[in-house]
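Only one chain is included here, represented as C-alpha cells and corresponding to the form predicted alone.
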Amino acid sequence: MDDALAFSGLVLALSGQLVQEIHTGVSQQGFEDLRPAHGFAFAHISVGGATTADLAEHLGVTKQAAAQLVEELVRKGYVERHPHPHDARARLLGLTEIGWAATRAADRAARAAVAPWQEALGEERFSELVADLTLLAPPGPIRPAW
C-alpha cells in the first residue's frame, strides 16, 4: 500500500465529511441560508482585520467573487463593513451578532462531528492526532476554541 496516497485520500475523505456534517449541523441550528463557503469566510473574518481582498486570497477566488460573497453576507445580516483606519478605499469586515451566533453554531456542529472520532480513538490517541496534525497544518486564520 502506498501510504502517501492512502493518507491523501483519507484526509480528503475526512475533510469532506467534516465540512458536510458541520454544514448540516449549522443548518439544523437555524442557519439554513448559509453554505460551506460562508463558513470558510467566517473563519477568516472572525480573526479580525480582513478586507474583501484578503478574503479573496484566503478563499482562492477573484476579488469580484469575494465581493459578491461579502455583499450576500452583508445583505443577510451576518457581516458588516467598517472604515479601514489606514486605507480609505478598503473596508474592514466584521461579523455581526448573528454572524457570531452562526460561528458558535458551527463550533458546536464541529464538536459533534468529531465526537465519534474521539470515541473511536480514545482521548489520548485523539489528542496525539490533533498534535500531529497541528505540526502539518499550514499557518492561517484558524479560530482555535481552546
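Values in this document were obtained by computation on a predicted structure and should not be read as measured data. Don't overthink the numbering: it's just position in the shown sequence, from 1.
We do not show the form predicted together with the DNA, though everything after this point is about it.
| said: Taking a heavy atom within 4.5 Å as contact, would all three of A115, S127 and L135 count as contacting the DNA in the model of the complex? | reply: Zero of three within 4.5 Å in the model of the complex.
| field | 4.5 Å heavy atom contact, D87 to the DNA in the model of the complex | value | D87: contacts the DNA in the model of the complex.
| request: Using the partner position in the model of the complex, report whether T52 sits within 4.5 Å of the DNA, counting heavy atoms only. | output: Flag for T52 set to yes.
| Might V61 be said to contact the DNA in the model of the complex, defining contact as any heavy atom within 4.5 Å? | V61: contacts the DNA in the model of the complex.
| message | Is A43 part of the interface with the DNA in the model of the complex - any heavy atom within 4.5 Å? | response | Judged by the heavy-atom cut-off of 4.5 Å, A43 is well away from the DNA in the model of the complex.
| message | To test your reading of this chain, name the stretch in 88-96, 116-124, 23-31, 101-109 whose heavy atoms come within 4.5 Å of the DNA in the model of the complex. | response | This holds for exactly one stretch, 88-96.
| What are the residues of 113-129, in order along the chain, with a heavy atom within 4.5 Å of the DNA in the model of the complex? | Residues within 4.5 Å: none in this stretch.
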